[in-house]
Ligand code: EPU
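Next comes just one chain, in structure tokens: the form predicted alone.
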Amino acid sequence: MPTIHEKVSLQPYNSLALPAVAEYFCAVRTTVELFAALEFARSKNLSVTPLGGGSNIVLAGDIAGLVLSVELKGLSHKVMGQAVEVTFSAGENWHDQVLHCLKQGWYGLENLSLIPGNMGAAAIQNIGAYGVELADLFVSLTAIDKQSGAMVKFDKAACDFGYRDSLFKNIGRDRYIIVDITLALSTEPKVNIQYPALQTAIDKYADSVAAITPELVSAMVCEIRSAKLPDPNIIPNAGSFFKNPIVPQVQASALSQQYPHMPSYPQVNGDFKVPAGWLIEQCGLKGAVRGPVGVHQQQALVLVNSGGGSGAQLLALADEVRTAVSQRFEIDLEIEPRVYGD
């Protein structure tokens, strides 16, 4: 049985460093401990809130019930010719595992380098960057159904992946605790450098390297991300706070006429993705400060806690940003992190 603690501060468990207290708290490092913790919650009729790396959450207040720090570790792999299926425990750090796979010669994750958080949460969010989404590599995951206590396996179709979306953010929200995820990688070093910012970064090395390798792609992604996104260990933040909105072609065309320099990216269904950071910047909110919280001065997509800020203050700033964008562009921004304790 894992140790159950009462009245535990969650400030060290969220990358925004927001203050909140868990009614009950325990860290689970094995599935045996996880099942025991869930049994404890059932015996006291407690709600259960799982936390991963804490990099994509906003704590708006204290959390009733049992908060689980999911710290399951380990990985296994299966080689089938040039294909490699790798199963990662949910508590493994995402970026550490990207680097581990590169060292093993297992390729495919390099465009997703330096994304904060753990493996389990990556599937919930369907993380994506620089032309690659988790769904592109996904095979399956194993989760515990909190309602029945049963282990359930989900294939790609069952996860209902969308842009920064999945079953686990919709009808499966709050029902499952992810135990592990399996991804399909390759020993063949095919690189994807079609994303414009990545292509620009890679181009400067074209004359000095023999080939564009997955390792170089990873290094360039890390360089780009480090230049534009603040380190949460230095400036508390949750990365991209808003999803890039996707708007119909008619609306995108109308906006392009009004704002000729507006960047937009066509989608397979004819819609267009518009950078949320650009929209926020046009509203004059880049670098805005509201007491201890603010909009990052270099990347308007990121909200920061400069010290002592609360979840309520951060969400008030998010509402201000969303209102400004809605009034100017008639676009509704969606908050990307999960809000707890509200």
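Here the structure is a predicted model, which means the values were calculated and not measured. Quick note: we count residues from 1 along the sequence shown, nothing fancier.
Keep in mind that the form predicted together with the ligand is missing from the display, and what follows is about it.
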Among 259-267, 181-189, 151-159, 97-105, which stretch has residues with heavy atoms no more than 4.5 Å from the ligand in the predicted bound form? 259-267
Residues 130, 240 and 278 all lining the ligand in the predicted bound form, heavy atom within 4.5 Å: yes
Looking at 63, 41, 301, 68, which has any heavy atom no more than 4.5 Å from the ligand in the predicted bound form? 301
Please tell me which of 175, 169, 77, 225 lies within 4.5 Å of the ligand in the predicted bound form, judged by heavy atoms. 225
Even though the ligand is not shown here, does residue 286 get within 4.5 Å of it in the predicted bound form, heavy atoms only? yes
Any non-hydrogen atom of residue 229 within 4.5 angstroms of the ligand in the predicted bound form: yes
Look up in the predicted bound form whether residue 218 has a non-hydrogen atom within 4.5 angstroms of the ligand, and give yes or no. no
Heavy atoms within 4.5 Å of the ligand in the predicted bound form: does residue 146 have any? no
Within 173-204, the residues having any heavy atom within 4.5 Å of the ligand in the predicted bound form are 195
